[in-house]
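Take a look at this one chain, the form predicted on its own, written out in structure tokens.
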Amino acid sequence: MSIGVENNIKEFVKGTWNDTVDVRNFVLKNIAPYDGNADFLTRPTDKTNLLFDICKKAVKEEIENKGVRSIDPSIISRIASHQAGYISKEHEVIVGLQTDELLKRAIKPYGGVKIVEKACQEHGITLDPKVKDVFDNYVKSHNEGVFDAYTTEIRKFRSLGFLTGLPDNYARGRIIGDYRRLALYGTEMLIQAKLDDLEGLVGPMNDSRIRLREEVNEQIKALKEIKVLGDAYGLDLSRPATNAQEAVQWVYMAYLAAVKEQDGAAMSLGNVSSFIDIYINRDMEAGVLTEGEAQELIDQFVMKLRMVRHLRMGAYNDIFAGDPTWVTEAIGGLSLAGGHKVTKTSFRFLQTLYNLGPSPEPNMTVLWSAELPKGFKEFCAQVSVDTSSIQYENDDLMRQTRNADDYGIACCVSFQEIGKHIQFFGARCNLAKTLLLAINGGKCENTGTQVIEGVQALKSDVLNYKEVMDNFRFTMKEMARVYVDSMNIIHYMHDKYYYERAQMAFVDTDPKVNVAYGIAGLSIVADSLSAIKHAKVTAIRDENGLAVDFKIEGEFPYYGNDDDRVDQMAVDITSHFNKQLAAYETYKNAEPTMSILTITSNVVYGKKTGATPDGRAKGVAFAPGANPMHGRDTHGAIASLNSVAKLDYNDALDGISNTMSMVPETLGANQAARVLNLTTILDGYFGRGAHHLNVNVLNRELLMDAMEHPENYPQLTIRVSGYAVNFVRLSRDQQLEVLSRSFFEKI
């Protein structure tokens, strides 16, 4: 394939990107690494302030209207379905909305018309009868396909809360389009590249090749519709972008096309800041763009990303609280060729957290390395101290493990090589309930339903470590089998009925695929096994023989205190369950990967889980992600971090989420000390091979005041488990769970 791209601006350095679709090569050939500090940054322009005032007013109206400002119940959202929408056209340097009106939510019934209908009803809106008729009688949805194929066994595991949050009733998400491609090439060249690929997809016509040919044709149709979307805003997206403003605009239009068609659980942006910086740097060197104008482009781009909305049922918010979209942008990192990828636009993205105030979106993710420039590391730490709005991931670990440097983060913690690699998302398995199956003869601890056959009865109510572990290994094996079956069904049906053509149009034609399994309750399992091994644990059973509580006699080590006696249990269980998942065949031969991540669903998981042998009572929320249970990491922040750092990334390649909250005084007496100490902590933590860290720097009293007076904290942002939320948009139970977490007062 040769697309024959000429340099659309003569100063760009030529490379393989001129002859084939290769954005990474363009970036490496043209990037302008920046080693300085944040002194060059500017405050928002008057136009940006005016626009954001309108947005803040609209968000206030949205919150006052039970979380939804308005809904279009008639027009099915497609790439070019709605008329052009503006916030205030004359003040916008970056244009485009999902619908024709700010914060108006659109319907996407290809995921499931009943879900859309319920979401509308919850807000007093009636779904257009014509839409309902079409999907009731003529068009099959992803949700219908999945439940037609589900076995009785899968339905049981799902309904009882052993497999939770499966993307069978919402779009799967976690596929990142290389939205930079639209800016670098334009739709005309991208269409030609796809046509060339299609010509090579010839016989024999097996299932895989037939499906791929159809998918590529759908991608071509999407690219043609993206051109129409651009026309509605007076943008010629058929050609490459020629300046910084167009580069930002084109990237946004590609992303906008994706979120107009899909409402996935995570619609990540990718890794665009270093790419955009090339255009900004060129224009500034040519004297046609000022620093204020450059920041204005980024501020308005980010403002639009903050306004992305999807129509959800209330039940969705129980799992994924705070109305998140996970517009995750990966910033920084190093190149495999040597040198870092920090640019001035890396700083400009983080500056939006000052210019527009703290916000969960986009999900700012810094790819951390000890070798990043000192000025950038210090600015990141400063922004974390001031806003609690950044997460950090170990670039050295991911870059070297995956042998890739042009990657983004899907959702919260999941590596994805941009344009080369996609992910099939799959929520998670409740490992704590899986352990209780081992203690209860394969029966659900809440209902007594026989979930797994063949689990040996324990010889005594005094729990024996070897007996419990033998059973637990068996229940994990069965759990893995059912989990893989359910995932294969979900993603087969998603491709069939709700294919992400707009996103996949910006991905290589036959990309690598991984399937993202997940676990919840790891710290509970580790502490429970520790209690059984090191103390005396007696199961207290009801009249049906189900363990409803546990009596613990003696002391035992808790996970989170840098104690290998229990930390190694967490390591071993993670490794074991990951191997169980990898033993089964996957749809599209996807690489099996696993995460230790809960989002905010740790609250729901707790409600569905009975008392556990670690002393946790029935219904109590789980710790988020790979975190120790609340209040049990009593030896300080470093000890807690050290425990999590022992988990092997190779056993959880989909990511290991850790969320740390510290009161400001813990980090130091003043801002300079806090910045220095946080950068030192990050270097040390990631130097031990840890994968991810959310950082909150705030007082528990602040959150308590926000609970009582939410009107005073419209932009109070906290990191929860791989992502950030506006604290006041959490449910009361979720807020209380956040308050129950460890707020470290000593390092």
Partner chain sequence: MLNATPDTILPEDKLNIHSIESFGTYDGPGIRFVVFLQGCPFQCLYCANPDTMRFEDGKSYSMQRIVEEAEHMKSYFANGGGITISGGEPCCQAKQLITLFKNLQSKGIHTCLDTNGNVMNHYVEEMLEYTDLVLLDVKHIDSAIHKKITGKPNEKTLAFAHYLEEHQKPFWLRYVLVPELSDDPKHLHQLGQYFQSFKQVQKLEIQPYHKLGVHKWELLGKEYPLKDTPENTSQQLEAAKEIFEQYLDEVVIN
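The model shown is predicted, which means the values in this text are computed figures rather than measured ones. Positions refer to the first chain, counted from 1.
Absent from the display: the form predicted together with the partner chain. The rest refers to it.
Only one of 307 to 315, 149 to 157, 641 to 649, 591 to 599 places residue heavy atoms within 4.5 angstroms of the partner chain in the predicted bound form, namely 641 to 649. For the candidate set F52, Y685, Y34, F26, a heavy atom within 4.5 Å of the partner chain in the predicted bound form is found for exactly one residue, namely Y685.
Scanning L529, L667, I107, L350 against the partner chain in the predicted bound form with a 4.5 Å heavy atom cut-off leaves one residue, L667. When the partner chain is considered in the predicted bound form, I489 lies well away from it, no heavy atom lying within 4.5 Å. The closest heavy atom approach of L698 to the partner chain in the predicted bound form falls outside 4.5 Å.
Using a 4.5 angstroms limit between non-hydrogen atoms, Q245 is distant from the partner chain in the predicted bound form.
For the chain shown alone, T680 is a contact residue for the partner chain in the predicted bound form, at least one non-hydrogen atom being within 4.5 angstroms. Remark: all three candidate residues (T634, M662 and L676) come within 4.5 Å of the partner chain in the predicted bound form, counting heavy atoms only.
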